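Only one chain is given next, in structure tokens, and it is the form predicted on its own.
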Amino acid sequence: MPLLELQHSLIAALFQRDQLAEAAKFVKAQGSLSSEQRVGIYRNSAHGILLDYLESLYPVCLELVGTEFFGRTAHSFIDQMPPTRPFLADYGADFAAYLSAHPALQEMLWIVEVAKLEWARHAAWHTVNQVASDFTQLETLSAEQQAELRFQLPASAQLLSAHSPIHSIWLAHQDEYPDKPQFDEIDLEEAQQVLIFREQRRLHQTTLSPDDWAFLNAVQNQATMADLAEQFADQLPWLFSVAMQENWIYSFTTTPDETKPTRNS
């Protein structure tokens, strides 16, 4: 049997239980272990590693749903959506979407939103730090150049708008915060907007006011300074000042975005 075909058969058995018997045809029994049992060892090992990894990614979700429910759901997820890339940190992005389709969670979709928050934290942490722009250069720009300025959030920035208090729920499950809220006192119907970004070796997570979220969302969508002035009018100086003080804006460019229509079009 060609090696590649054998490898594909074994991979299929790792993530499809009904393929164990087929893969076992190419594996010898040894001692008291049958061929299927030997293949099963590899399947269990792969699942165990990925389950541990998902638990480390979604610790708050694990606490919310319990070990048994999380384990069953994670094993099902692993079989239906196995890793397709060699970098393990890329795996697990679809877990929140998978949870959203689970019948048992249809009345508790705030758990799904917490999962999205946990993935956003993971994604932000694994983003490479970038060099900040020199904002003193803004003084040398003409009025026309300033109007076309586009600002950037940190490359790691993750903006989330949720129907539930995802930051408060997450915070309630962090032992290192003595002033954390009590979970049973949280209003699960309170909407929250959250920004997550990495600064060197520190991960920032903060709730945003509706105005701050709208401003940062516009910045992330590459609005020009002229666009921002038109949208936020008298609020813009304050919004911009807060964003700069909090390091929410990290760089800028004067290069036009060719994917966006010009203001005269």
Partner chain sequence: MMQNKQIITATLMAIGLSAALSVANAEDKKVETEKCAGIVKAGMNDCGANGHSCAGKAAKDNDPAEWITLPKGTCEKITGGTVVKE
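Positions refer to the first chain, counted from 1. Nothing here was measured: the structure is a model prediction, and the numbers come from that model.
The next section is about a form of this same protein that is not shown, the form predicted in complex with its partner chain.
Can you pick the one in Leu105, Leu159, Ala155, Ala97 that has a heavy atom within 4.5 Å of its partner chain in the predicted complex? Filtering the options by heavy-atom distance leaves Leu105.
Check whether His173 has any heavy atom within 4.5 Å of a heavy atom of its partner chain in the predicted complex, and answer yes or no. Yes, His173 sits close enough to its partner chain in the predicted complex that at least one of its heavy atoms falls within 4.5 Å.
Although the partner isn't part of this model, could you tell me whether His122 comes within 4.5 Å of its partner chain in the predicted complex, counting any heavy atom of the residue? Although its partner chain is absent here, His122 would touch it in the predicted complex, with heavy atoms inside 4.5 Å.
Gln130 within 4.5 Å of its partner chain in the predicted complex, heavy atoms: The answer is no: Gln130 has no heavy atom within 4.5 Å of its partner chain.
Hey, in the predicted complex, does Ala191 get a heavy atom within 4.5 angstroms of its partner chain? Contact with its partner chain, no.
Residues of stretch 228-251 in contact with its partner chain in the predicted complex (4.5 Å, non-hydrogen atom): Going through 228-251 in order - heavy atoms within 4.5 Å of its partner chain in the predicted complex - the hits are Ala229, Glu230, Ala233, Asp234, Leu236, Pro237, Phe240, Ser241, Met244, Gln245, Glu246, Asn247.
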